[in-house]
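Below you will find one chain, with nothing else, as structure tokens; this is the form predicted on its own, and questions on how it binds or moves follow later.
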């Protein structure tokens, strides 16, 4: 599903498409007056709020198109790059850019638009931007901790407020329209603008946007089950061929490997988890996995995620949920906890098997030791005894990127 992999289709020719999009974007900015520093700076004095109108129009148009096509199942939102949130660095960076904006009359992007139209002030601002990038690159190691602090990963408003996407889309749209109307009155007060001369077609545009937002609200967004169906043809063979089922020995190998971060998600009920679980495993109800999986997406690129249940039933369900949400490097503990105990338990261990297997825990424990049980963290020496096929192949995550439009 879209976003379309132009690089795979066109190879180097994909850059022609990106070049055309960039030219059109720059042309729209220039036609909007973004090449004039005086026009841009006027927004800070409430005389001309063109910047607010153009940028927010672009934002809500993109929002409506993204979630409309998502609702129509033409677009998988999980495939779209969303800049991760670094809260305090973002706030400080925004303040610095804002000060530079009001002093110089440009932001980095609009200075390039001015430069393209051969404006001298745009040239000097662009040169200043390049110099600032150089200085930042040479000094960032001095404040590296702050630069990477308050990381929240990929955050969006529906997740943040726990509201349906359609409701948030409608609220953001009304907020933007309110700002547009308030901005016009500020222009009338501080910029002596005659609102009667403003085009009436803007009301038609607002009506169209509201209609689209209502359609998005009524259609709703694809469920986890829908998203799994989109990828089932590609991913189901991985389950059937057991390409994503980790032998307990490979789990242990990764546990003792400092170059990889092991994240174990235990999907069993709380009683079984309290009786026994693997070292550092996180207990989570499978019904809560999809809503809280945003924290899983924040994990570093070297993270290996392993889903665990007593056998494999719930672990497979959890694997499908995470696959549907485009979480990389997710695997299943082969045979679950039952197979783990069969693999590592020795006669001296006080683990007594019952007859029941299925998804139940077929072992009796004298105490609820959780991860304090000796079998939760077997010795690294076990790796010399076990033979298994390695399954883990780390898939690289998209690197942190982004910038000012």
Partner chain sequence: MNNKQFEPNTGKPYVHPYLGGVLLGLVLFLAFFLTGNGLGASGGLNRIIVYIQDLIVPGHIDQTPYLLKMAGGELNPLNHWIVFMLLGTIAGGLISGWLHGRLKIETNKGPRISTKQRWLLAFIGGSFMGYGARFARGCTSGQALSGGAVLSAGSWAFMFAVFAGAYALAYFLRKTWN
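These numbers were taken from a predicted model, which means no experiment stands behind them. Residue numbers count along the first chain shown, from 1.
Missing here is the form predicted in complex with its partner chain; even so, the following discussion is about that form.
A.B. asks: Using a 4.5 Å cut on heavy atoms, which of 281, 246, 267, 169 is close to its partner chain in the predicted bound form?
C.D. replies: Of the listed residues, the single hit is 169.
A.B. asks: State the residue from 256, 295, 136, 230 whose non-hydrogen atoms include one within 4.5 Å of its partner chain in the predicted bound form.
C.D. replies: Spelling it out, the residue with a heavy atom inside the cut-off is 136.
A.B. asks: Using a 4.5 Å heavy atom cut-off, which of 77 to 85, 326 to 334, 270 to 278, 312 to 320 contacts its partner chain in the predicted bound form?
C.D. replies: Going by heavy atoms within 4.5 Å, the stretch is 77 to 85.
A.B. asks: Verify the contact flag for residue 345: yes if a non-hydrogen atom of it lies within 4.5 Å of a non-hydrogen atom of its partner chain in the predicted bound form, no if not.
C.D. replies: Although its partner chain is absent here, residue 345 would stay clear of it in the predicted bound form, with no heavy atoms inside 4.5 Å.
A.B. asks: Though only this chain appears here, would residue 341 touch its partner chain in the predicted bound form if you measure heavy atom gaps against 4.5 Å?
C.D. replies: No, residue 341 sits far enough from its partner chain in the predicted bound form that none of its heavy atoms falls within 4.5 Å.
A.B. asks: Tell me, yes or no, whether residue 57 is in contact with its partner chain in the predicted bound form, where a contact means a heavy atom of each within 4.5 Å.
C.D. replies: Residue-level check for residue 57: yes, a contact with its partner chain.
A.B. asks: Does residue 208 reach its partner chain in the predicted bound form, with heavy atoms at most 4.5 Å apart?
C.D. replies: Flag for residue 208 set to no.
A.B. asks: Does the trio 287, 301 and 382 actually contact its partner chain in the predicted bound form, every residue with a heavy atom within 4.5 Å?
C.D. replies: None of them does, since no heavy atom lies within 4.5 Å of the partner.
A.B. asks: Could you pull out the residues of 88 to 124 that have any heavy atom within 4.5 Å of its partner chain in the predicted bound form?
C.D. replies: 89, 90, 91, 92, 93, 94, 95, 96, 97, 98, 99, 100, 101, 102, 103, 104, 105, 106, 107, 108, 109, 112, 113, 116, 117, 118, 119, 120, 121, 124, in sequence order.
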